[in-house]
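Only one chain is included here, represented as structure tokens and corresponding to the form predicted on its own.
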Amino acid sequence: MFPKSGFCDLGFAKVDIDRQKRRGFAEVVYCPGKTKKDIKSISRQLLKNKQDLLLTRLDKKTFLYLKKSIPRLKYNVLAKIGYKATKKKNLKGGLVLVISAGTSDIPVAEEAVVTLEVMGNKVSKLYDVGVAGVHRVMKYVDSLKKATVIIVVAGMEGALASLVSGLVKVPVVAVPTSCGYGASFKGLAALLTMLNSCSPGVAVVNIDNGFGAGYFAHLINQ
């Protein structure tokens, strides 16, 4: 049962256990800045209240600490996400396709993939098809057209999102990454390119925010 307040007061944190009912998915835990014990306390409170557990930006050392007291906690080392679903979900909606421009963008793409899968989406991946070799993505145009929503993860100049959007009729969620040399300004160049896309239907999330892209794509897909 949910407390009347809708949250559990742990003193250092007020865990929003009403969020699952209110928004359709449980509160997600952003791990940097929290101690291992604090993350464990929040996680156990969520699981106690039958909430799905999604721990973003979780380092492997903390994961190994948590796993001792949280059975069947899983970890994606590329995405740096720990997760545990309270029950198996029936897949809803269509297919979400996650694309990365380069292999350096894969960790951010994987963050989106894990988020989508934990939330109960059917996901497909297409990695390393950036515009430096545009023939690579053109080979998969038929696959692009099968998706209900597409996430494009790209660093450098971030042009891939516009290209993909110009080929399909579905929404594209663009994720700029901090990959690139000096004048990429740690993702700012890609962010500005994506915000200035000449192809309509592109929504942009923050730099390296694979989780945010996955969550938004989930809402579209539902």
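For clarity, every value in this text was computed on a predicted model and none was experimentally measured. So that there is no doubt, residue numbering starts at 1 and follows the sequence shown.
The following text describes the form predicted together with a further copy of the same chain, which does not appear among the structures shown.
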Please determine whether M138 contacts a further copy of the same chain in the predicted complex, using a 4.5 Å cut-off between heavy atoms.
yes
In the predicted complex, is there a heavy atom of a further copy of the same chain that lies within 4.5 Å of any heavy atom of T86, even though the partner is absent here?
no
With a 4.5 Å heavy atom cut-off, would you call L195 a contact of a further copy of the same chain in the predicted complex?
yes
Counting only non-hydrogen atoms and a 4.5 angstroms cut-off, does K68 reach a further copy of the same chain in the predicted complex?
no
Residues of stretch 188-222 in contact with a further copy of the same chain in the predicted complex (4.5 Å, non-hydrogen atom)
L188, A189, L191, L192, T193, L195, N196, S197, C198, S199, P200, G201, V202, A203, V204, V205, N206, I207, D208, N209, F211, Y215, F216, L219, I220
